[in-house]
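First comes one chain, alone, set out as C-alpha cells in the form predicted alone.
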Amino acid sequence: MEKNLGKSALVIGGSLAGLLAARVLSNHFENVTIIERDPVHNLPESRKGQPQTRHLHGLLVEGLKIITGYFPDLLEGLQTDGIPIMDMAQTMQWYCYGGYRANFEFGMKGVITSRPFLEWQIRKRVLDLPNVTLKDGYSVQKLIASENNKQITGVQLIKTGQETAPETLLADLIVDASGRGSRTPKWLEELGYKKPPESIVTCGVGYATRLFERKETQPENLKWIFITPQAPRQRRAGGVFPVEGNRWMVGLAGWHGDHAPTDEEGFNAFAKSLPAPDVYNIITHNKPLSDIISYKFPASLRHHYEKMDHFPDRYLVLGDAACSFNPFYGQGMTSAAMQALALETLLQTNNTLDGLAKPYFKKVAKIVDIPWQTAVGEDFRFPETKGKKAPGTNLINAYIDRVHKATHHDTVVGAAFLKVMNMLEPPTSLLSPRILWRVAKHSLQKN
C-alpha cells in the first residue's frame, strides 16, 4: 500500500472502469469493495448490464500503457492465451476516403481481443489483490450522507431482483463507475444538490455483430480490417478483428438510422454495400459461429461535474458514468484508464479525502475534452446530428479529410494521425508545420 488514506472504499460498478478504479484504490485503502448489480462468473462474459461488450472494442495504445502499468503481467498472460501482440500500423487493412492507409512500422504494440476476454483477464488480477472483494448481484439504491448532506458516507443496496431488506455499506470514499446508466445525477438531487449540466450530441449509431471461424492458415489471419465512411456522402462502416479462439469478430455500423439488419441476407447485403470488399470477403468465405446481435447508441452524453458549484465530499464519478462517447471511435476504455490514473495522482499527493472532488473533476474534464470533441466533431459531419457544435468544426473536418487522404501514401502523416487516434498526442499536433506541409503537398499533387 502506497499511502493509507482510509479504512475502506467502495466502487459502484464492476466493468472495466470499476476494476481500474478498484486497482487504484487498493493502493490507498485497507479494504476495497466492488458492488456489481449483475452476477459475475470467473470466465469471459457479457453481462446483462453491459450489452455493448458483445461488439467490437478497441483498446488504444495510451490505455494499454496505463493498464499494463498496473498489471505488468497482462501482456504475457494474453499471449499465453493465444492473443497476438501486434504492431497496429503493420497489421491494419484500413480503407477510408477512397483508398487504404499505407502500412508502416508504428513501433508501439497493441492487442486485439474481445471486450469480455480482456475484462476477465483484468478482473482476475484485481480480485487476486488481498484487499479487494467483489459483492456481485447487488444494486445500489441510494447514497447515505452525513447529517448536513455535505459528505457521502455510504450506500444503501439490495439484492438485485429480490424483495429483501436493504443493506447499508459505509466507506471513506465512494467512486461511481456504473457506466452510462449512472444514477448519480438523481441521487444528488435527492440530497438537495443540482443536477450537473449535460452535453448531448446525437449520432444515431447502430451496430450488428457476428462471429466467424478464422483459419490460422489464412495469410490475413492477424490483419485487422476497418472500412470507414467518407461522411456525409457515406454513412456505413465495417470492421473485422481477429479475436481469441481463432474467431473473426465482424461488426457493421451506420449513423442516424442507417443500420445493418440482423437477418443473414440483410447483414451480408449491408457488408457488400461498403465502399471496399474486405469485410464482405471475410463473411462470405468463413463459417458463421454465432447469431447476429445488434446494439443502438443514440447520443454521446457528458455530465459536467466540473461545472457544479457544490458537490459532496468523499464521492467521485469515473468512466462512462461521467462521459460516454460514440463507441465507434474506441475511446471509452482508454478515457477510463486515464481518469483512473488521474485519481491515483490525486490520492498520492493529497493527505485528506476532503475537497478531492473539485481538483478531480477538473482533471477529468481535461482528459475528456479531447476525445469528446474528436468524437462529436466527426459526428457533426452528418447534417442530422443535433447538439452544441464547436466553432470551426467544419473547417477542422475539411482539413482532416485531407489528412485521411494523405495517409494513403505518406507514412509520416499516417504515424501522426495514429498517435492522435491513440490519445498519445493532441489533435493540434496534426497542425504542426511539418504535417501541414506534407498534407498540403499531397493535396496539390492530387489536384
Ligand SMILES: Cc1cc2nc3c(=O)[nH]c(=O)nc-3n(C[C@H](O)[C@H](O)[C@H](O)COP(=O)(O)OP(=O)(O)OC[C@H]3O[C@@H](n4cnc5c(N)ncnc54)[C@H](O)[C@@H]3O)c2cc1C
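Computed from a prediction, not measured in an experiment: that's the story for all the values here. We number the residues from 1 along the sequence you see.
The discussion below concerns the form predicted together with the ligand, not included here.
Review point. Would G58 show up as a contact with the ligand in the model of the complex if we use heavy atoms at 4.5 Å?
Key: Taking the distances in the model of the complex, the answer for G58 is yes, it comes within 4.5 Å of the ligand.
Check your understanding: Does Y138 reach the ligand in the model of the complex if we count a contact as any heavy atom within 4.5 Å?
Key -> Yes, Y138 lies within 4.5 Å of the ligand in the model of the complex.
Check your understanding: Taking heavy atoms only, is H28 within 4.5 angstroms of the ligand in the model of the complex?
Key -> No, H28 stays farther than 4.5 Å from the ligand in the model of the complex.
**Study point:** Exercise: P327 in contact with the ligand in the model of the complex, heavy atom 4.5 Å
**Key:** P327: yes, in contact with the ligand in the model of the complex.
Point to revise | Y295, W120, W224, Y97 - the one with a heavy atom within 4.5 Å of the ligand in the model of the complex | key: Of the listed residues, the single hit is Y295.
Point to revise | Of T33, T385, Q50, T411, the one that lies within 4.5 Å of the ligand in the model of the complex (heavy atoms) | key: Answer to the contact question: Q50.
**Study point:** Contact stretch among 33 to 41, 399 to 407, 377 to 385, 414 to 422 - heavy atom within 4.5 Å of the ligand in the model of the complex
**Key:** Of the stretches listed, the one contacting the partner is 33 to 41.
**Study point:** in the model of the complex, residues of 8 to 45 near the ligand [heavy atom within 4.5 Å]
**Key:** Those in contact are I12, G13, G14, S15, L16, A17, G18, I35, E36, R37, D38.
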